[in-house]
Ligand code: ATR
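Below you will find one chain, with nothing else, as structure tokens; this is the form predicted on its own, and questions on how it binds or moves follow later.
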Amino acid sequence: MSDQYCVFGNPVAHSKSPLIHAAFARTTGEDLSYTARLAAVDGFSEAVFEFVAMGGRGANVTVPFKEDAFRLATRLSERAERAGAVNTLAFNDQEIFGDNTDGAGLVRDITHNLGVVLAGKRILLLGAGGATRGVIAPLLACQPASLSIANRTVAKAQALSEAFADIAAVNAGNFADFAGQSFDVLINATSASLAGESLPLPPGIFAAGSLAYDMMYGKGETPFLKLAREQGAGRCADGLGMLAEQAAEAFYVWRGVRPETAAVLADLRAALGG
């Protein structure tokens, strides 16, 4: 019987993870089965234990369970501890190992797939929620010239700044606080694009040749990427590559094999019609 893996979420039917991991299994020759499993909002741990009892070897975790997974894990990777959230679980005997591959996926998409060097760049993260927290340490590891966080509620941005101060200085403020500044890489980690909303970005915030990156993805241009293009960003990218790369990192955690993502990403892009 193939080794069993899954993704837990609520909702989860829309997840591309089963398609991605099925493709990874084919290309690497790994014998595994991967499904999407809906967990009750208040029943995440029960769903995980049921899956483990069925022989489950590992799982991805998506909204709204990443913090639940963090609490459920009996051992955490350093990057999961930093993120305060878990998106990858591995089950071994009585141990539940929790990891977070989101930041690694983002960095690899930007540096490998898009070919953008982050060292020495001025980076602005938009939003101060869990998506932002999960990528700060991996971005700082790339040694940017500066890393800043803009958020509607300044206190949340400041709390993240303080949480990572032992690694490097992180600037924090609301959107208006960054008026008169420009950045080389701007990453939208808010949910604004899901709601079809624009962000109140000051004019001139996109430096010449800058990269505008939206963690969201879907058919068509997100409001953030539309604004970036109109304000002169040099390049725009959505989060589909991050999705594929964080999945490849999770696959490596489970199987010790790192699959190539180019073909899978091309298929996903074609399916979305872009």
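One-based numbering along the sequence shown. Note that the coordinates shown come from a computational prediction; the quantities given were computed from them, not determined experimentally.
Not on display, but discussed next: the form predicted in complex with this ligand.
J.: Considering 191, 174, 92, 111, which brings a non-hydrogen atom within 4.5 Å of this ligand in the predicted bound form?
T.: Contact with this ligand in the predicted bound form is made by 191 alone.
J.: Just one of 76, 142, 199, 72 has a heavy atom within 4.5 angstroms of this ligand in the predicted bound form, so which one?
T.: In short, 199.
J.: Does this ligand get within 4.5 angstroms of any non-hydrogen atom of residue 129 in the predicted bound form?
T.: Although this ligand is absent here, residue 129 would touch it in the predicted bound form, with heavy atoms inside 4.5 Å.
J.: Against this ligand in the predicted bound form, would residue 148 count as a contact residue? Criterion: heavy atoms within 4.5 Å.
T.: No.
J.: Does residue 153 make contact with this ligand in the predicted bound form, using a 4.5 Å heavy atom cut-off?
T.: Taking the distances in the predicted bound form, the answer for residue 153 is yes, it comes within 4.5 Å of this ligand.
J.: Sort through 177-185, 130-138, 92-100, 114-122 and report the only stretch with a non-hydrogen atom within 4.5 Å of this ligand in the predicted bound form.
T.: After filtering at 4.5 Å, what remains is 130-138.
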